[in-house]
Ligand code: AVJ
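Starting off, we have a lone chain in the form predicted alone, written out as structure tokens.
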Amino acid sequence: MTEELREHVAEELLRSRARSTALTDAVDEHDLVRQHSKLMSPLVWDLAHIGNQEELWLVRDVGGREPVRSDIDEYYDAFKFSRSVRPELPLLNPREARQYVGDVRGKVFDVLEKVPLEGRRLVENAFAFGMIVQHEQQHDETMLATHQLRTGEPVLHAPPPPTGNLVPATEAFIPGGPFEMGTSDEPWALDNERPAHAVHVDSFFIDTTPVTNAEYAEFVLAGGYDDRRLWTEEGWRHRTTAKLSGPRFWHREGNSFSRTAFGVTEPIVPDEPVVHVCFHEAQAYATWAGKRLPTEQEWEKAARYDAETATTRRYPWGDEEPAEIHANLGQRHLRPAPVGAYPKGVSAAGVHQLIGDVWEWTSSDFQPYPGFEVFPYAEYSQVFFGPDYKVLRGGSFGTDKSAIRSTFRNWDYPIRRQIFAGFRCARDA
């Protein structure tokens, strides 16, 4: 089993690095070092930061080896310098960054070959390696979002997603009662997903699909952005200050809409999930529709609970790892798939596309579970707990399968729109 685990880790490390390489090789040196938005780091910072985290955890901590480049640690500490000032730092240039991550990776493979994967919680089930795989894939999704913010000719290409299918019911009923939320046995689950605990959820209805472009366009055309009654006080203040009038990257001409994605502008696809909306926009739409956003407890129950067997699944479709038939993940397509495109990924309750396509805003603040323990460092989750951040669930078309589970919790400020976020609605039963 240990050798199989080492092989699996090696494959995941290679797969994540291939993606990082593709995202950074797609543009020239000027695009690598420039800041495409104050919300984002230069791509070259993300690349070297990936290597620095890998060095800190796998080379120095797990491997007990001498540092490769301790002189650059502070510049790639995400907590020391905000994204807006990172271009001013003495960063590694593209050639140096590529050399650095390559040197680190060589040492990591040596550590992987020799270190015992037992005797210490950090290495049990190769956790530290899995954490670093997920970290790199998360930064790859961040770099993909930076590509979306970049101007110029298209440099990323992918085939279109599968076509949609009719979803017979618009809502699914989720019966009230307890279910097991979170996990205590998923080997690479992060600290905020732990521990498994019983949660009671009252009966509710949840949309079987995410809100689509066509549905959201109706809200825009009905004057939803101008109707103060639909927005919370905080939401209306942000809508006014930020001058929001539709999803980010949408363009309106009369009653028609187009969207720019990775340098290509084309009419919105009516049955694709809407993407690049903030929490406040999602909440206003739900109010307009006579509904609300689901809590994260409701979202996870809809994704995992099988009422027939009274069991909790790893993924909506069951316990097997995500495959191409289940969900739109891993940047295979550069857009959400039309609703109904993944009938093999439906949950026991009949809810579609809970994994992949778009991160889904929930109404919940990011808070620790009962019995939460920091592991392996407070800066991953604990420092973000509180009312400032809203929870998103399910992953997007830019999320890798290694970095998503039905228990996986993402979080962000409620005003963020550059992320690949959409939503679905719920209502009380």
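Residue indices: 1-based, along the sequence shown. Computed from a predicted model, the values in this text were never measured in an experiment.
Omitted from view is the form predicted in complex with the ligand, to which the following refers.
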| property | result |
| --- | --- |
| Site status for the ligand placed as in the predicted complex, C-alpha superposition, 2.4 Å backbone or C-beta test | open |
| Interface stretch in the predicted complex with the ligand - options 288-296, 101-109, 304-312, 136-144, non-hydrogen atom within 4.5 Å | 136-144 |
| Selected contact from T24, N410, T407, Q418, since only one has a non-hydrogen atom within 4.5 angstroms of the ligand in the predicted complex | N410 |
| 4.5 angstroms heavy atom contact with the ligand in the predicted complex for H49 | yes |
| Touches the ligand in the predicted complex: F375 (any heavy atom, 4.5 Å) | no |
| Y380: touches the ligand in the predicted complex, heavy atom cutoff 4.5 angstroms | yes |
| Those residues of 337-364 which, in the predicted complex, come within 4.5 Å of the ligand by heavy atom | none |
